[in-house]
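Okay, here we've got a single chain as structure tokens, the form predicted alone, with questions on binding and movement later.
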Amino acid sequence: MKIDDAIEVVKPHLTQKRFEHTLRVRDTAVKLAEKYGESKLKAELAAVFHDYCKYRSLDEMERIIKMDPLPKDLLKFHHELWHGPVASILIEKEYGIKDNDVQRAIYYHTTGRANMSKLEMIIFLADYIEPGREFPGLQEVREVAETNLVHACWMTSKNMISFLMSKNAIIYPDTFYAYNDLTIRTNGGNN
């Protein structure tokens, strides 16, 4: 699918504010892909579709999780985690986008996971550092993203876990697995 077509497909499914966020994530993902030698086309496509299902009804997303090959334990966690996995399924069903790299990057953009590919890390990070966001600790992550993708993703994961813990929120296991894996990778394989 051409990027212009993808943008036109996604736009009606998002609020104006979320659509603008999506375009900033796309721009950030393309820059990161250029910097770290990843496919710009795949990064752009994953970024455009990353929030495609953000505003789908909870009933629809729950039904898709129950009926499709998605982990059923997602239903025990906050519904904010559902839109990535659901979108990874629907882009194939609705638009024929069957690219495992792109689908996994969309799937894990909110949680991360152990052994993330470069593309997965780029979308995970681009969603976090896009220029429209502003919160404590973000500038440090942006600075590290200029030179070290893995370390910037580790910082993102650490910040996300700290934030969720400060809210007494339950945390999806993949987020912990991502943090542990990125900690090992950041430390050169040494704990």
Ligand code: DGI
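We number the residues from 1 along the sequence you see. Note that this is a predicted model, so its numbers are computed, not measured.
Form predicted together with the named molecule: not shown, discussed below.
Participant: Exactly one of L23, V9, I171, L14 has a non-hydrogen atom within 4.5 Å of the named molecule in the predicted complex; which residue is it?
Facilitator: Only one listed residue qualifies here, and that residue is I171.
Participant: Since exactly one of L164, L70, L41, L138 fits, which has a heavy atom within 4.5 Å of the named molecule in the predicted complex?
Facilitator: After the contact test, the surviving option is L164.
Participant: Counting only non-hydrogen atoms, choose the one of 29 to 37, 57 to 65, 145 to 153, 125 to 133 that falls within 4.5 Å of the named molecule in the predicted complex.
Facilitator: Going through the listed ranges, the match is 125 to 133.
Participant: Using heavy atoms and a 4.5 Å limit, would one call L81 a contact residue for the named molecule in the predicted complex?
Facilitator: Yes, L81 sits close enough to the named molecule in the predicted complex that at least one of its heavy atoms falls within 4.5 Å.
Participant: Is Q103 near the named molecule? Define near as a heavy atom within 4.5 Å, in the predicted complex.
Facilitator: Residue-level check for Q103: no, no contact with the named molecule.
Participant: Since the partner is left out here, which residues of 49 to 74 would have a heavy atom within 4.5 Å of the named molecule in the predicted complex?
Facilitator: Those in contact are H50, D51, K54.
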